[in-house]
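Coming up is one lone chain in structure tokens, specifically the form predicted alone.
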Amino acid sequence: MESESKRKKESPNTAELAVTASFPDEVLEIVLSLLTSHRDRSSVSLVCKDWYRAERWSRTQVFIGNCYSVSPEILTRRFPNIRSVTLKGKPRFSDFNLVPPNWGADIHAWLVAFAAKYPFLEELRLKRMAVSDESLEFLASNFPNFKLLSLLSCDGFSTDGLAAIATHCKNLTELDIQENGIEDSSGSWLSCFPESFTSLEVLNFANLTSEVNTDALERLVSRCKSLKVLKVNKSISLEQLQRLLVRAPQLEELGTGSFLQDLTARPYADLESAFNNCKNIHTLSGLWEAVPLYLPALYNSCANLTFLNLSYTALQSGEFAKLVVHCPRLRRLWVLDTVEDKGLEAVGSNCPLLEELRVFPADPFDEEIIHGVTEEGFVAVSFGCRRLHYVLYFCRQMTNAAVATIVQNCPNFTHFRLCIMTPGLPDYLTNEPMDEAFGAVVKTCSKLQRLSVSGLLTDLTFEYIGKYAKNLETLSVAFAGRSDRGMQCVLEGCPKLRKLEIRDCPFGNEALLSGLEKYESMRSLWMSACNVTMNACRRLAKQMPRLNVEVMKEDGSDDSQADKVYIYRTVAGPRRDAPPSVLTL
């Protein structure tokens, strides 16, 4: 009794705890403003009503991974002071033309809501959204403080929309246009920036195809003394690039134009001098159609490079090796497989700080191609680059032993995306499935967050993934597995799984319905060319009303087979803009 009485005296009651834990709103909002992670802020908002309210009023940035997971009205009601929005639209498989072109993800309704509730909006980052010229004109006219526009893999607009942004956004600091399906009528939009405009810090129009007004571009670059990032398209010649570099020696990231030009000794010397004077460059990309003769002009400016993106230029192994030997501080490298294994061996020998490697196929549809990379190049990189933790590797062949060696050398992989380009290809030396390769990945790499599997795979691979990949968030599967058991293993394991992408696999209704308890904690599930029926999709939709279950059929029919299924959690209910080819169940 004595000890119990003592404990009662020493233990504060709930009211005392509430007083102790409470902070003035101003203090709490300042503390919360220091949290930069969207996930951390969302967690904080669940602590109590006071924290929810403080987080609501203090949040200025929002990330929405699926534009149909929430509505503009719900967003603006929840967060009244947003100044920066990142919004993703179509599923990733739209990059492979597996999503109908009129699928949706139109930005306009969002902009109308933002104009009413967020007139102070400053930043908008869009990925795989449908963006029209009218939307860009609306954006330019309704947000007087607008500063940053990033469009990645968007479509529906033209250079007329960019002209509206250039004309009306007086405070613009960043215009980043990447990999968009854009109607590129002319480069005259660059001349729409007012002569008094000087605020630009980032300008990227590398994927536009038309000729640009180089006089207007040079004047713009000259005026914007804070310009740090400039990525031009391949219409810019080496002599024009040299003039731009002279006007912007402060650049930190550079995307060059074409390297295909006949230069005499004097222009070449001027180009080399211009590169040498740009002492802050740490990121280099472009080099469209690079001629080996002119690559030495870059050598002196490569010493401080941390990111080299050569995914637009088909360098051969010899010329690539001569370039990469000058890049000892490289942390990120993107190349085409034309560099071959010899080129990757040079990376392993000269880039000990490398953390990210992406090797893309120069021609993924040419089965008779003689160049490319194999397991030998990957192994060579793993021996020399022990900090490697992100890889996207397209190759023609691979072995279980090679992958086991790679992850043994580099056990800290967070992203491991291996694409053996011939579907269902086994270990080419033993003719065994590639199960043990990916088993080695998930057993060894405890920090793994994203995994893409390929090659001949049985259900054993997915048993390994379910058992060992405890931090996995995204899994991409194609042409793999033997039965429903494979997908079931992943859904039963992988507690942090958020995105599951499956195509051309034998997984069916039993596999789909095994995830009923999992899907609400995930962001999305994609299944195409699998053995799923409409009845199973209807059953899932009925049992999980907070999920949107969408089936894509080109003819809009309601026959038994579900060709492409996209399932995602939402608080907004079924969307109202689905085309006839998308059936919402």
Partner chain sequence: MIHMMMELQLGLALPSIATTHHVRGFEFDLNNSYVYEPKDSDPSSWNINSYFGSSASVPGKCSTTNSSNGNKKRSCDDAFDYEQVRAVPPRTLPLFNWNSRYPDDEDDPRDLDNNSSFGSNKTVDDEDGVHVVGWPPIKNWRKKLCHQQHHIPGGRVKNNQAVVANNGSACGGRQSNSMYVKVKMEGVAIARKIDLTLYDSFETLTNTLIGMFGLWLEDSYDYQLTYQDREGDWLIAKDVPWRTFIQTVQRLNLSRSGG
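Numbering follows the first chain given and starts at 1. From a predicted model like this one, the values you see are computed outputs, not experimental measurements.
Here the subject shifts to the form predicted together with its partner chain, a form of this protein not shown in this document.
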Would N97, S153 and E289 all count as contacting its partner chain in the predicted bound form, using a 4.5 Å heavy atom cut-off? yes
Can you pick the one in D366, E134, E73, E510 that has a heavy atom within 4.5 Å of its partner chain in the predicted bound form? D366
The listed residue (N145, N471, Q316, Q408) that reaches within 4.5 Å of its partner chain in the predicted bound form by any heavy atom is Q316
Quick one: find which of 328-336, 408-416, 78-86, 118-126 has residues within 4.5 Å of its partner chain in the predicted bound form by heavy atom distance. 328-336
Report whether the minimum heavy atom distance between C530 and its partner chain in the predicted bound form is within 4.5 Å. yes
Does any part of S196 reach within 4.5 Å of its partner chain in the predicted bound form? Heavy atoms only, please. no
Against its partner chain in the predicted bound form, would P361 count as a contact residue? Criterion: heavy atoms within 4.5 Å. yes
Is there a heavy atom of S301 no more than 4.5 Å from a heavy atom of its partner chain in the predicted bound form? no
Heavy atom within 4.5 Å of its partner chain in the predicted bound form: which residues of 494-517 qualify? R503, D504, C505, P506
